[in-house]
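A single chain, nothing else alongside it, follows as structure tokens in the form predicted on its own.
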């Protein structure tokens, strides 16, 4: 275990995480649509690329170029030179993209600062209740294992996003994939939507820190901490 942290750039979330993302493990983010999962990934990715390190970004749902441009500002060209984007169209292509990113990160020929898979479970979800569900689960398990090994071997933070499903018994939103996905992640954050641009990060799991919450806002420039008057007193949702 290492004490290295990668600051996300969102001060409230960094405080919640003890300084940022750990450099030798997988961090999972889940939440309903519009909760800010992709924007969180882009916030961290642009920060890493701006510092001159490489980002491997595997995108299964479609990154907004306009949003990336707004977050990067005048540094867009410099950031794109360190931004290796892959857009797989199937779970099989996703597996090859993950394998390539992990191999390059472990190779060590370039300064890799972050590996992102957004969303890791998009194509897996399409296989659910089908004849190939078991094969899809095995494929995703192998991808996650490769990401875990890479984070440990190369000391590179790995950030994955996960979709959710609603538990009909109690109405709660649960991350897709169950225990085999959650077991791979040493840190798990749930993002909740609050009124307007406000969002809440809930620390569900961490190997060294207690559970807690942090608020932030979605702005045209990216993610920012809450202004004092906007801090919510609403308790975390279940």
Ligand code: ATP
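What you see is a predicted model, and the numbers here were worked out from it, not measured in a lab. Numbering follows the first chain given and starts at 1.
There is also a form predicted together with ligand ATP; it is not shown, and the following applies to it.
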Kindly confirm or deny that 34, 61 and 218 each have some heavy atom within 4.5 angstroms of ligand ATP in the predicted bound form. yes
Heavy atoms within 4.5 Å of ligand ATP in the predicted bound form: which stretch in 170-178, 34-42, 207-215, 51-59 meets that? 34-42
Taking heavy atoms only, is residue 200 within 4.5 angstroms of ligand ATP in the predicted bound form? no
Mark residue 183 yes when one of its heavy atoms lies within 4.5 Å of a heavy atom of ligand ATP in the predicted bound form, and no otherwise. no
May I ask you to state whether residue 193 is within 4.5 Å of ligand ATP in the predicted bound form, using heavy atom distances? yes
Heavy atoms within 4.5 Å of ligand ATP in the predicted bound form: does residue 67 have any? yes
